[in-house]
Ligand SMILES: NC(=O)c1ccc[n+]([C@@H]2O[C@H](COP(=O)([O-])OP(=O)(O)OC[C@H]3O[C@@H](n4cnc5c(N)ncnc54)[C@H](O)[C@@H]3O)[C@@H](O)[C@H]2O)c1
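Next comes just one chain, in structure tokens: the form predicted alone.
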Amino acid sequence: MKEVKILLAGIGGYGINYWKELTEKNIPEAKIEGVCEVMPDVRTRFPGLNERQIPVYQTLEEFYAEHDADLAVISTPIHLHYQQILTCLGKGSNVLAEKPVCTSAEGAQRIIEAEAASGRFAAVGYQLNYQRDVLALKKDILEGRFGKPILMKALHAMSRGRSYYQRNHWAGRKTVNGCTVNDSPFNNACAHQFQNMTFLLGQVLDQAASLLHTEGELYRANNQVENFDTAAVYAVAEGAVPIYYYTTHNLKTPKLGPIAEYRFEKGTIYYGKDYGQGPVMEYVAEMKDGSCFSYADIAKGERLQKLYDAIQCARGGDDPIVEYPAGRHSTMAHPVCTVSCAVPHLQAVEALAKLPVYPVRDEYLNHVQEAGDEFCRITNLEEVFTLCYQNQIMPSQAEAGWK
């Protein structure tokens, strides 16, 4: 079994998840070759670096001057991804980069070209794409089990307060030092459900459906935020399939959803539907012939399945990456979430960046001190978003009164 040498670029933010997975679980085929991290106290915060004698570097160039890596895992700030991915590919490393892969669809295309030239893969960390139940659902869609898609919609929101926006210098920002960031719940914390809808509509397993049109209503409730923190998005995917998505960081409750509804000719797939005993957090298909079945019996895989798939592919990908019931499987030389899978979401982010952001009127805001943090909440948000989701409309059409 080939040992995969791994470079971790960024372990102070989301990258701590990769650090813990690699240091707390027994993954015999993986070795942390080095860490790139600019935190001055990184060795104090991560004593395992000294215990394991793992070298730490400030830059990728310093690391590659002394080492090589089979896999580079990039969890650095959004605006650094593009150049770091190109550097790692150029040094002969495969790449698993956290989402968003970069800040523009044009940049993503250049990464795809660099990937092809390097003979290595670049994968993106939209974790839903790697879940085995999601992949089984997509395989069924591709095989025509549900017929043609008619409509896709989802709602997913998380409450985030002052500490979230003060955790770094780019949270909630449109730009940082002249570099595009476009950080928002749609592009970052709650990006997955929208991207997953484009993924499920992709015509092959490792592709997402392109978008023909994107519009929406964008709002800012928290005055710490430069960009928007609440969004209702309407897009049209190839095949003229409408997509609706609702997300925010200004909830009264810790979270809302995720809930989703995917309508097809032969039936509808639900996630988070309440059948009378609380939301069922599994994909359930209700067919027009009266039959109903669930994907709950399919093991989703590891919490960081994206990491395990990337390691396996970096080893050579001899075994099936995607497994299905009844012996069905697909073998590929790269993880399933390619850079191409990220492009439609990037296109939507760029389209939204051209739209106005409306400040929410003061009478709909409630500022709350809670658990040592400060939150800005839109008082009628849950009711408005629920109505919007049920009827595929925008907040202004639901008479939200926010602007």
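Numbers for residues come from their place in the sequence shown, where the first is 1. Please read all numbers here as calculations on a predicted model, not as lab measurements.
Keep in mind the form predicted together with the ligand is missing from the figure; the text below concerns it.
- By the criterion of a heavy atom within 4.5 Å, L80 is counted among the residues contacting the ligand in the model of the complex.
- When contacts are judged by a 4.5 Å heavy atom cut-off, E37 counts as touching the ligand in the model of the complex.
- Using a 4.5 angstroms limit between non-hydrogen atoms, K306 touches the ligand in the model of the complex.
- For Y244, no non-hydrogen atom is located within 4.5 Å of the ligand in the model of the complex, even though that partner is not displayed.
- Checking T87, Q127, N227, Q193 for any heavy atom within 4.5 Å of the ligand in the model of the complex turns up a single hit: Q127.
- Out of the listed residues K148, R167, K255, K288, R167 is the one that sits within 4.5 Å of the ligand in the model of the complex by at least one heavy atom.
- Heavy atoms within 4.5 Å of the ligand in the model of the complex map, among the stretches 275-283, 136-144, 69-77, 210-218, onto 69-77 alone.
- For the stretch 95-110, the set of residues having any non-hydrogen atom within 4.5 angstroms of the ligand in the model of the complex comprises E98, K99, P100, in sequence order.
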